[in-house]
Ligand SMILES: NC(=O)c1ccc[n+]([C@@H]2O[C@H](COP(=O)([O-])OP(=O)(O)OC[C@H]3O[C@@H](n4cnc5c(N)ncnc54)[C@H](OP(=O)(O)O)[C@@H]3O)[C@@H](O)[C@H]2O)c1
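One chain comes next, on its own, written as structure tokens: the form predicted on its own.
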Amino acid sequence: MSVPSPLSGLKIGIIGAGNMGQALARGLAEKSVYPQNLSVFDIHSEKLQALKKECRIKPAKSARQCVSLSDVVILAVKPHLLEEVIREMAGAVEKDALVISVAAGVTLARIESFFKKPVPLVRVMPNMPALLGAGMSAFSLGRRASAKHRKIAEAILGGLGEKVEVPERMLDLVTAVSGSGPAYFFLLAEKLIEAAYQMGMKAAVAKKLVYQTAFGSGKVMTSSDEDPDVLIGRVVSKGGTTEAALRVFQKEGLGKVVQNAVKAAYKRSKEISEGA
């Protein structure tokens, strides 16, 4: 006998149909949410119509209407628009409605202050691969969020990929590691392609080699519970090519460079969270 989804029968509203809002709508429509229980609002009507055609969601005429139709409200708007959107919709939020925010850098305390009334909140830090259902989302519960709300948030985020709960104080570090992290891997890919090109390989061939190697390596890591050093050991042969390359990485201080980059991203994330 199958266990019912925490989302069964729930009406879910999404404010914002940008990349993340669209990813959430697709993920939910593919899960256990009946399309007519999924309403979306965005000021750009063409985005709503495209989603309606693709996922059969219910377009809302305003943020307030979207909220009034929903048991769970997902705020997928730009951080600088969050306060304005909440002011518009706050009066329509039911007492027990769960509000989930994916607005980067806006703390639970700030979101609560925008509502000016007790609201169960969940704050989420997703990343770009969520657009393909392969993301990594970290979430934190607000003071009034319950175990039931946690299960709902986990079910929703499952449509974006993997998820993990962390204390809110860790979200700035999450941002520095997985939020910004895809760009770090893209940079390494770019540099590998450039190196191959400069040594005589056609750019298209280098790109194919690097992209597939990144894809395959990612699959190895996500399907294994072994630490990276163990996986590295499976590629390295004593006196071989990989060992020669890794010696250069170590000599040039790659580890320190990565550590400093993550520290810089973490510092900036904290500044943004504090309104700097």
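This is a predicted model, so every value here is computed, not measured. Numbers for residues come from their place in the sequence shown, where the first is 1.
The following text describes the form predicted together with this ligand, which does not appear among the structures shown.
Taken together, F41, K47 and P126 are fully in contact with this ligand in the predicted bound form: each brings a heavy atom within 4.5 Å. Stretch 80-88 is the answer when you ask which of 144-152, 107-115, 191-199, 80-88 has residues with heavy atoms within 4.5 Å of this ligand in the predicted bound form.
By the criterion of a heavy atom within 4.5 Å, N19 is counted among the residues contacting this ligand in the predicted bound form. This ligand in the predicted bound form comes within 4.5 Å of a heavy atom belonging to V102. Taking non-hydrogen atoms only, L160 never approaches this ligand to within 4.5 angstroms in the predicted bound form.
By the criterion of a heavy atom within 4.5 Å, I74 is excluded from the residues contacting this ligand in the predicted bound form.
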